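The data below hold one chain only, encoded as C-alpha cells and taken in the form predicted alone.
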C-alpha cells in the first residue's frame, strides 16, 4: 500500500538575487514498509525532498500525499500536529538535549504528545536500540554511535508511520555506521517501519530495498 506520493513537486528558493530551483517536477511513490535510500550528488535536491515530505517545509507547487492525505492543503498548526504524531526524524548531528539523559531525551516528544506511560515506552525503545544499560547517561557520556541510537529511539517515540533520516551515518565512523544501518534494517523487517534515508554512500544506500536517484532536482531512476 502506498504511504507517500508526490506529484509534480517543485521547490524554488531565492538566494540574494539568484533564483534556485531545488526540485523540478518530482513524481515519486513509496510503499508502506519500504526501506528507501535517496541518493545523488550534492545540491541535487535530496534533503529538500526529505524536508518537504517531512512537512518541515512547503513546496512552491505540486502535491504531497501521506497515507492518502494531501498534506500540502494543511495549515501550519495542523502540519505541526500531524508531523509530531506520524513522522520521526533522524539527523546527522543527533540534535539531542545535552542537559537531558538518554531516557529523558526519548521521553520528550511523548510528553509533548501527552502520551501516557512515556517512561516505560522510553525504556522499551532504548532496549530495542541496544541502550538499556545507558538510560541515565548524558549525551556527553555516550559515543557518537550511541547518541545516534538515542536519536533513533526518540524518533520512534510516538510510533510514527514514517521514519526520515538525513545522512544518519555522516558523522559516524565505519563500525558505528554499519551498526546504525543494521538497526534500520531490523526496525524495517521486524516492525515494518517505513524508512526514507538520504545518503551519499553507495555502500550505505545499497542496504536499502530500493534507491531513488536524484539529479538536478529531478528523479532519474528508482
Partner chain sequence: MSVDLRSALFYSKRDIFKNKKIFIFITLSIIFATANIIAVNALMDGMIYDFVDNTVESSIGHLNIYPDDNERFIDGLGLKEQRLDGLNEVEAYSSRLSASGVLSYKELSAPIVILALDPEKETKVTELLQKLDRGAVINSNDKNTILVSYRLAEDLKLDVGDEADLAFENGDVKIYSVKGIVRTGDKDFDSSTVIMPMNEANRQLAIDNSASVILVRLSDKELAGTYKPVLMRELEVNNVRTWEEETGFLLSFADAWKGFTAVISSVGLIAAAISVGIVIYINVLHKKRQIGIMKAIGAKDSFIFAVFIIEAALFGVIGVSIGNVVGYLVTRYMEAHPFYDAIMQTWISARFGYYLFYNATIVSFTVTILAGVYPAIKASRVDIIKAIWGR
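None of these values were measured; they are calculated from a predicted model. Positions refer to the first chain, counted from 1.
Separately, the form predicted together with its partner chain exists; it is not shown, and the next lines address it.
K.L.:
Only one of 179-187, 50-58, 63-71, 25-33 has heavy atoms within 4.5 Å of its partner chain in the predicted bound form; I'd like to know which.
P.N.:
In the other structure, the partner sits against 50-58.
K.L.:
Could you spot which one of 84, 142, 128, 135 gets a heavy atom to within 4.5 Å of its partner chain in the predicted bound form?
P.N.:
Residue within 4.5 Å of the partner: 84.
K.L.:
Give a yes or no for residue 102: in the predicted bound form, does one of its heavy atoms lie within 4.5 Å of a heavy atom belonging to its partner chain?
P.N.:
Looking in the predicted bound form, residue contacts with its partner chain do not include residue 102, since no heavy atom lies within 4.5 Å.
K.L.:
Consider residue 96 of the chain shown here, and say whether it contacts its partner chain in the predicted bound form, taking contact as heavy atoms within 4.5 Å.
P.N.:
Contact check for residue 96: yes, within 4.5 Å of its partner chain in the predicted bound form.
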